[in-house]
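Read the single chain below, which is given as structure tokens and is the form predicted alone.
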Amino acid sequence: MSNLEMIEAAAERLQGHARWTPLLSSPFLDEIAGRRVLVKAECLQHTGSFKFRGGWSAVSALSAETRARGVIAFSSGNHAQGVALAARQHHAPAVIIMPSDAPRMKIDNTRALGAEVVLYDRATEDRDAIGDRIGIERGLTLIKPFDEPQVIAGQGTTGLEIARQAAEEGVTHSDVLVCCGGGGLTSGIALALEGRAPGLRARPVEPQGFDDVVRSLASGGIERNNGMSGSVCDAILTPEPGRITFPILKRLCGPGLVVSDDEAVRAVALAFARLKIVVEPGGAVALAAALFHADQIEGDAVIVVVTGGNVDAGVFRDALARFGG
């Protein structure tokens, strides 16, 4: 199980490799939200998302012999790129299993980072089974996107940075809204905040129709989504919370929030107009919750983790055309 000690060790290994991303703000966003909004811009991380942290943490934790045999991962794109870059920087082979309907830019970028890409149909095929088969056949080490202690530890380094940055901003009690798929980032941040900033509370945010974590927290047991497609927030569509992540989420997180696709896309446009950052819809759901569901948040300030910026040009153009910031 991941813990604060593992997160701090991951931070040591990441030093000089991951970016310390800024905490951004805009009076225009504050006005919409009715409170101070501080945005942790992980869209500015290497490969365009926080996933590089977990990828580097997991690859760097392997023995030299194991790493030389290679790694395998499955992802709709952000974890894929994070693991691919980490593997390349460690001179290790990488195979990445990606859904065939993933954004073309994410598929192309993963290949450009030197990984072998294997595509599958997420509506009819089981990515876990595919990963297990190829991993065994080739002797590769599987790096899961969220239900992996070293990945959670790497993502948790985001929480260490938030704790320090919030203190510098004079924020000691606040909700920390996190875009959530399987819960790796949310659980890692929650663990880091428990140890470093207990007045800050992690809360997962998901798209409507794919709110398995929100429902699981409400019921106390793991709930599964009915489908795996049908939302523009492709980066955070997962079947259910992880077996490792959910107990952490259940113990440490506040209630989850749910936003519509339109709200996520509007947040993409506002992030560009007011913060001058490029965000993908799945990486903008936490910002959407802060802006459009303020009645579900308490306090004078809210911290938002914008998790990824790997958006297809067409989706981005549509966001700007529809909402214009």
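Computed from a prediction, not measured in an experiment: that's the story for all the values here. Residue positions are given as counts along the sequence shown, with the first one as 1.
Below, we turn to the form predicted together with a further copy of the same chain, even though it does not appear here.
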>> Partner absent here, but in the predicted bound form, which of 148-156, 212-220, 105-113, 237-245 has residues with a heavy atom within 4.5 Å of a further copy of the same chain?
In response: 105-113
> residue 43 near a further copy of the same chain in the predicted bound form, any heavy atom under 4.5 Å?
Replying inline: yes
>> Under a 4.5 Å heavy atom criterion, is residue 24 part of the interface with a further copy of the same chain in the predicted bound form?
In response: yes
> Does at least one non-hydrogen atom of residue 272 fall within 4.5 angstroms of a further copy of the same chain in the predicted bound form?
Replying inline: yes
>> Would you classify residue 282 as touching a further copy of the same chain in the predicted bound form, given a 4.5 Å non-hydrogen atom cut-off?
In response: no
